[in-house]
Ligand SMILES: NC(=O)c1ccc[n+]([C@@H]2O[C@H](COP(=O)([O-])OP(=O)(O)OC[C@H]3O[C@@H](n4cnc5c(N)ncnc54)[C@H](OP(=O)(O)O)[C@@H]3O)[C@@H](O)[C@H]2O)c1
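The chain below stands alone, shown as structure tokens; this is the form predicted on its own.
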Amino acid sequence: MAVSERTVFVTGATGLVGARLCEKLVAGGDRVLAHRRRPPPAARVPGLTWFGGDLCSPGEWESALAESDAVVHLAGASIVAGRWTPARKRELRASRIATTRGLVEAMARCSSPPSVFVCASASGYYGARGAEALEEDSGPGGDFLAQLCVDWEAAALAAQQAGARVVRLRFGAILSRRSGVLASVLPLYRLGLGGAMGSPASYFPWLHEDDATGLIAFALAGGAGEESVLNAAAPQCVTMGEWARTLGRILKRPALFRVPEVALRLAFGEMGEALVAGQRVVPKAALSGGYDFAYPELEAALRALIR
């Protein structure tokens, strides 16, 4: 394999996607400058260098950014880590929008800024849309999460003024054994207590963790062409009912329990509504650009993760 001379600055580098992405880039020959607010204890990984600091304030991370050819921005507080109180909403916005602005402003100060800026977003951009097929040019929803994504993406697009090619990835639920929705529900399903969250008819946009990193690499390499948005969801659109039945069948357990929407709203407030909103997300740009999904179908993706 030819060794790349590319240097990539990655934020959120210890997260579910960030950690796997760093491994993938290093394996491909890239030099990775990994960032999180507080770096982990030094780990001797060839091709990987850690930087810390607040992205909203000056720090040593700016010198790393100035050395980079590309940026992948994955940092952000967990959406599902607590009720959406006013304080929590401010934290969610600051961890995404303010940090994105900090990065973009720092890029503008570079004498030779990174030429590519890949920024995470979420399928929540579209809001609750029922069975409507949502492609990249579909408009946004009107709830809190949708507005968060709109403002987040607008902050990322400002990097175009620094000459960067900007790609925003609207991620669905990323399936992994380490964390996320699959890791959370597996213990219940193994006990025979699994089932749909909310309406079984709500669409559930999902993505295997290998395709999450694969689509980022695709965006870095220019596979999206002139597209500045990629729907990061698998081609097979499934409902919450289909998700529950498929997982139950693989585990040979019933999936008859259902958490009604009203219970989720009572337990989680506004966040509960977002959990069951559902979007039928279509990855049109990735497919038309030639991206070959490793796991286009849910059953194969779940079997690969669970075996």
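All residue numbers are counted from 1 along the displayed sequence. Just so you know, these numbers come straight off a predicted model, no measurement behind them.
The same protein also exists as the form predicted together with the ligand; that form is not shown, yet it is the one meant from here on.
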| item | value |
| --- | --- |
| Within 4.5 Å of the ligand in the predicted bound form, all of 28, 117 and 220 (non-hydrogen atom) | no |
| The ligand contact in the predicted bound form: residue 77, any heavy atom under 4.5 Å | yes |
| Touches the ligand in the predicted bound form: residue 38 (any heavy atom, 4.5 Å) | yes |
| Distance check, residue 237 to the ligand in the predicted bound form, heavy atom within 4.5 Å | no |
| Contact test in the predicted bound form: residue 152 vs the ligand, heavy atoms, 4.5 Å | yes |
| Proximity to the ligand in the predicted bound form (heavy atom, within 4.5 Å), stretch among 102-110, 121-129, 158-166, 136-144 | 121-129 |
| Single option in 201, 185, 173, 98 placed near the ligand in the predicted bound form, where near means a heavy atom within 4.5 Å | 173 |
| Contact set, 209-237 vs the ligand in the predicted bound form - heavy atom within 4.5 angstroms | none |
